[in-house]
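To begin, one chain is listed below as structure tokens, in the form predicted alone.
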Amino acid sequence: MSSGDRVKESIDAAKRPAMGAGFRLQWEPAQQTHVLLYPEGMVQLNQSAAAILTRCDGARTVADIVADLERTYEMTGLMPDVCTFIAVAVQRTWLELIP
């Protein structure tokens, strides 16, 4: 089993991801992109990362977020990719998971 597989298994679809302490998601009009701001700097997000993070409001579950993304983009099978991204974001403290 790869480390990516272990990461996906560790994300519970019933958890509610929320922005981590000290991080703020913001649309940056000058760059025409979402950025993640934190005291030491900024992360410029690609479209996929922004689509996921804008839905991580602490109210929706991972399953809700995936369902919304699949409806919005008319796709299926996004759970593994979304879980991998959320796991990485949790490791980087961009997100925290609420039970």
Partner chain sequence: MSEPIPVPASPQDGGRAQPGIGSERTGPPLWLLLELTYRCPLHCVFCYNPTDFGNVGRELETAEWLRVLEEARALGAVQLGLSGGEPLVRDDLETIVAAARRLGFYTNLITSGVGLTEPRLQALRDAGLDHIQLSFQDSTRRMNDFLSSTRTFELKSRVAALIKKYRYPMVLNVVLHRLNIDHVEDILCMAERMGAEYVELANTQYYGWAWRNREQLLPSRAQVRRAEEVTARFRERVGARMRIFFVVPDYFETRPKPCMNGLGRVFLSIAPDGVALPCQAARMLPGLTFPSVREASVRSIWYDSPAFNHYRGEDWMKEPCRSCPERGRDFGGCRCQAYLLTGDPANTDPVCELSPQHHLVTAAVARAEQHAAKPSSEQPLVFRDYRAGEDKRA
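Numbering follows the first chain given and starts at 1. Values in this document were obtained by computation on a predicted structure and should not be read as measured data.
The discussion below concerns the form predicted together with the partner chain, not included here.
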### Query
Does residue 57 reach the partner chain in the model of the complex if we count a contact as any heavy atom within 4.5 Å?
no
### Task
Check whether residue 51 has any heavy atom within 4.5 Å of a heavy atom of the partner chain in the model of the complex, and answer yes or no.
no
### Contact test in the model of the complex: residue 67 vs the partner chain, heavy atoms, 4.5 Å
no
### Query
So, in the model of the complex, is residue 45 in contact with the partner chain at a 4.5 angstroms heavy atom limit?
yes
## Note on the structure
Of the residues spanning 71-99, the ones with some heavy atom within 4.5 Å of the partner chain in the model of the complex are 91, 92, 93, 94
